[in-house]
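Each of two forms of one protein chain follows alone as C-alpha cells, named structure 1 and structure 2.
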Structure 1
C-alpha cells in the first residue's frame, strides 16, 4: 500500500540546532499515526515540513506515492493535506462561516464540495464537527471546544483527507477529548489519514494505530500500538527510565478550608473542572490575590504557581536573582529595611540553582534565556526559598514536556512530604486523578466533594452535569 503522506530522510537545522536528523515517517489511509516526543524533539518541525511551511535541508515529501515539491501550504492543501496548528488560527471577529471562507481560499465556498477521492469520510467528519456550531457566531465568542472544532473544519475546508493535528486535545475537557478521538478514528476508518502530535500518552494509546517517537530530531522508536507499551514509549521519549514518585506523607493540620474543600498539611488535593467553571477565581482567592468568600481560610504563607509562567509567574527580562526577590522583597535574608542586598540574593540564587539543577549560565542571566522546564524549576526554587504552608498550583504542567511534567509532579509530592498543603488544578482529568490524594470537583463555581471510591467516569459526569454542549 502506498502511504498517503510520507517523508523520506528529512533533515533540517536552525543555526547550529539540528531540529530534524534524517527522519522518515509515513501515514497511510485508514490509519491514525501518533507522533510523540518531548518539547523540541522535532514533532512540529516535521509536520511543518510536510505542510510546506518549512523547506527541508535534505529529504523529500511524497503524497500518494508521488514526489511532491511541497514548497508552500497552498501546494499541500491542493494535494489534500490539512493542518491544525497548536495555537488557534481563527480570526476572532470573523464569524465561523467567514473563517471557513478564508480557510477555503480559492477552492470556494466551504459547503461546496471539491472533487476528492474520499469525500464521504471528509463529509462525515465535517457534519459531525458542524453539529451545534452556529455559523454566524463570531469565533471569539465560541467556547474552547467549539474553537477547536472550527480549527478542524478550517483544515478540512479545502477538502483535505490527510490531516496533521498538532496537540489538538491540549485544551479540551475529558469528554470532549474522547469525542474528538472517536471522530478521528471513524475518519480514518472511512479512508482518511491522520497524524496526531501529542505528548499525552493516554490519547495516543486510545486512538493511534502506529506510534513514532522522536527524540532530539531522530526517530528513536516506531511500531504498531499493539506491539508497544506506555512505559516503553515514555522511556523512549525521555531517553531513560522515569523514576517513581516519592511516597505520600502522613497528613497533619487542615491548612485550607473552603466549604467541602479541605487540604491538610502533607497532602495533594486536586481540583477537577472543565475550563471556565470558576477555578481561576477559586485558586486566586485562596492564594490571596482575590477576595475570599466568608468562612474560607488559607494558611499563610501561601505560594502560588500561576497558570501562565511567562506572563504571571516570572518576569522574563529579569535575571534569576531578580525573579527570586520578586514577591519576596521583604525577606530578611537579602532585605534590610528598604535596602536589597543583591550580592546576598545572588548567593542564594546560586545555591538554589545547584539544588534544583537549573540549567542556567549564572544567576544573572535573564529568565527568558531558559527553557520552559527550567523556568518551572526557577518557580519551584522560589517556592522552596519561601518555605510556604500552602502551595496552590494552577495548571502547572501547561506547555511542559513529558519529562518536565513528571518532575513537576514529583516536586509537588516532595513539597507535600515536607508538610506543605498542596492544592492543584489541571484541565486534564487524568492528571488530577493520578496525582492527587483526594479530588474535589468544581462545577459552575460550586465545589462538590468526590467519594474516594468514585470512578473516572463518575468524576467526569460530575464535572459535566448541567453544562451545556
Structure 2
C-alpha cells in the first residue's frame, strides 16, 4: 500500500550534533503510527522536516507516493499535511477564530481540500475540539487544555488529512485523552493518516497501529503494536532498563496548609484534577503568586515550577546561565557585592547540565536552541539549585520523555528526602498515582482526600463526580 507520507534516508545535523542519521519512516492511510524516543532522539526534527520547517541534509519526502519538495509549511499544508507542535503557536491577542483564519491562510471558510473518505470522522473531531471553546475569546485567556485543542483545530484548518501530532495529550485530563484518542482512531479509519509523538506509552498502546522508536537520531525498533510490549518499547527508548523509584521518605513538620490539605516535610503529595477545577489558582496561591486564602500557608522559601515553561518559566533568548541567575541575582554562589560573577554562574550551570543530563552544547547557548524536554530540565535544575523548603509544581513533566519523567520524579523524591515538602499536579492521572505518597482530588475548588486503597477508577470518578473516597 502506498504511504500517505514517507521520509526516506533523512539525515540532519545542527553543527556537530547529528539529529537524524539515515532515518526512514512512513505512515499509511487508515493508520496511527506512533513515533517515540527520549528527548533529543530526533522525533520532532523528523516531523519538522516532513512539515517543511527545516530542510534535510539528505533524503526525500513523498506524499501519496509522489516525491514532494516540502520547502515550507505552506507547501505542506497545500499537500494536506497539518502539524500540532509541542509548544503553542497561537497568537495570544487574537481570538480563537482569528487564529484559525490565520492558520487557514486564506479568506473564506478554513477548508479547501476534498474531505477524506469518512467526512463524518473529521466533523466529529472538529466538533469535539470546539466543545467549550468560545470563538470570540482571546487565545491568551484560554486554559492550557483549551489552548491545546485550539492547536489541533489550527492543524485541521486547511482540511488536512495527514496529521503530525507532537504530544497532543500532554495537557489533557484522562477522559479528554480517551476521547481524543478515540477520535484520532476514527479519523484514521475514515482514510486519514496520523503520526503521534508521545511520551505516554499508555496512549501509544491504546491507539497506535505501528510503533517506531528513535534513539540518538536512528531507528532502533519498528513494528506493529500487536507484536510489541510496553517494557520492550521502553527499553528501546532508553537503551536499557529503568531503575525503580526511591522508597518514600519519612515525613516531618507540616510545611503546606490549605484547608484540609497538609503536606509535610519529606512528603510528595499529588493533586488529581480535571482542567478548570481550580488547581492553577491553588498552586499559584501557595507559591505566593496569587492572594492566599485565610489560614493557608507555605513555608518559605518556596520554589514554583509553572505549567508553561515558555511563557512563565524561562526566557527563550537568554542563555542557560542567564536563566539560572534570573530571579536569583543575590545568590551567594555567584554574587560578589553588587556584581554578578558570570564565570562562577556559568560554572554552576555546567554542574547542573551534567547532573540533570541536559543535552546542551554549553551553558552559553540560548534556551531556544534546546528541545522542549531539555528546556524543562533547565527549569527544574534552576529550582532544585535554589535550596527550597517547599516545591510546588504544575505539570512538572510536560514535554519529558518516559525516562526523563521517571528521573524528574526521582529528583523530587530526593528533594523530599532532604526535608522539602513537594506538592504537584499533573493532568496525567497515572503519573499522579504512581509518584505520590498521598493523593488529593480537587473538584470545583474543593479538596477531597483519597483513600490509600482507592483504585484508579475510583479516583477518576471522584475527579468527575466528586464521589468521596
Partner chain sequence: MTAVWRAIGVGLIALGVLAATLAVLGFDPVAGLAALGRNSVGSWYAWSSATLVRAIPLIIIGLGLGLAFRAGAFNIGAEGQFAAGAIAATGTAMVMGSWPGPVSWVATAAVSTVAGALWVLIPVVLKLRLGVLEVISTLLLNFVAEQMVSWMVQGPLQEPQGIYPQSAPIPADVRLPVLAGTRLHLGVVWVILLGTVLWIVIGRTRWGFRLRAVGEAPVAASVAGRIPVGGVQAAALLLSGGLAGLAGGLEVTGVTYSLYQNLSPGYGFTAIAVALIARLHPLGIIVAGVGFGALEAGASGMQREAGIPAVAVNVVQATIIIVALLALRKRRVAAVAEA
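Numbering follows the first chain given and starts at 1. Bear in mind the structure is a predicted one, so any value in this text is a computation, not a measurement. Definition used throughout: the rigid core is the maximal C-alpha set that superposes within 1.5 Å between two forms.
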In this pair the form predicted on its own turns out to be structure 2
By the 2 angstroms cut-off, has the C-alpha of residue 182 moved between the two structures once the rigid core is superposed?
-> no
Establish whether a shift of 2 Å or more occurs at the C-alpha of residue 39 between the two structures, with the two forms superposed on the rigid core.
-> no
Can a Cα shift of no less than 2 Å be assigned to residue 51 between the two structures, given superposition on the rigid core?
-> no
Any chance you could measure the C-alpha shift of residue 411 between the two structures with the core superposed, in Å?
-> 5.3
Could you check how much the CA of residue 146 shifts between the two structures after a rigid core fit, in angstrom?
-> 2.4
Shift in Å of the C-alpha at residue 362 between the two structures after core superposition | 12.0
